[in-house]
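So this first bit is one chain, no partners, the form predicted alone, shown in structure tokens.
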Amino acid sequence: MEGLNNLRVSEVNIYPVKSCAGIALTSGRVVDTGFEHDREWMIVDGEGNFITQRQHPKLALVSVILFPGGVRLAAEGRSPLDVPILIEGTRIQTEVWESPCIGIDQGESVESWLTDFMGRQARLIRMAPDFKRPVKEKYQSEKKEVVGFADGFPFLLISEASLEDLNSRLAEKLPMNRFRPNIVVAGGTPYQEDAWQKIKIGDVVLRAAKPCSRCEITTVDQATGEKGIEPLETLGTYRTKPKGIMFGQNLAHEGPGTIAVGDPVELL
């Protein structure tokens, strides 16, 4: 094991409701699906299809606050809504990128709130407590990792150095929240995470599963909900691989623990 003394965790983020605003933490508890409460809830349409900022960029403006037993949704000009967790109710069959999922409908009050905000029928579901969604088989280890409603993996990690390199190529610098990472690392060199195979942060061992292929959500200003062309236009000039435009590393983990801001990153 080689200590990477100049590498430290600078951000820990969760996104309890998929595609809504994130929450910055000082430390995050790691459970079987990743950080506790990360992508635990998801918005779906009347047919059960998941809705993200790809179709509705203004979801970036929905803030989320966790409270014991539920979440509070808020948006400018609208009264906040407390949504208590329902563990029993209508079971919704859905998919995240062809990966089958089952969620529990969280009730009519939040359906009304979201439908009014989005201008289309929308429901909030929470991952059914008796359902386990496996990581795509080709990326699993012998541990058979599982994930919540994230696109595919328990964690997304990006280094500050990678963003600094990208920003040096842009006319207007972008904040890290454009990329919605769970873990941000300070120190080191740009795109160092591309080559990592296994790391340890705090008491958690993480395995690099695959580089993250970036979509149009990165072009959504998370403060305004407006969509542009960057950073994909610039990333496409130098980060295009056979399977897409890559920025960041998807990770799976070997077991539970805690990851905190300030934790050193060790290469295993």
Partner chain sequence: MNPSWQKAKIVKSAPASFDIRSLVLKPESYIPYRAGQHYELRMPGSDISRKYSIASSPYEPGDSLEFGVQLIRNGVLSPQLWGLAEGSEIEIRGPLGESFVWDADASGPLVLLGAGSGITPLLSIYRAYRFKYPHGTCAFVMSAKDASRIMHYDALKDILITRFTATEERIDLGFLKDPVGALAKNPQALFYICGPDGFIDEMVDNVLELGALEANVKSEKFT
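Numbering follows the first chain given and starts at 1. Model, not experiment: these values are computed from the prediction.
Separately, the form predicted in complex with its partner chain exists; it is not shown, and the next lines address it.
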Among the candidate residues V31, C215, A208, L66, which is the single one with a non-hydrogen atom no more than 4.5 Å from its partner chain in the predicted complex?
-> C215
Thinking of E47, R120 and K241 as the candidate spot, does its partner chain come within 4.5 Å of a heavy atom on all of them in the predicted complex?
-> yes
Could you confirm whether F131 comes within 4.5 Å of its partner chain in the predicted complex, counting heavy atoms only?
-> no
Answer with yes or no whether L61 is in contact with its partner chain in the predicted complex, where contact means some heavy atom within 4.5 Å.
-> no
Interface membership of E233, its partner chain in the predicted complex, 4.5 Å heavy atom rule | yes
Could you confirm whether S27 comes within 4.5 Å of its partner chain in the predicted complex, counting heavy atoms only?
-> no
Residue stretch of 95-103, 154-162, 194-202, 122-130 approaching its partner chain in the predicted complex, non-hydrogen atom distance within 4.5 Å = 95-103
Within 50-82, the residues that have a heavy atom no more than 4.5 Å from its partner chain in the predicted complex | R54, Q55, K58
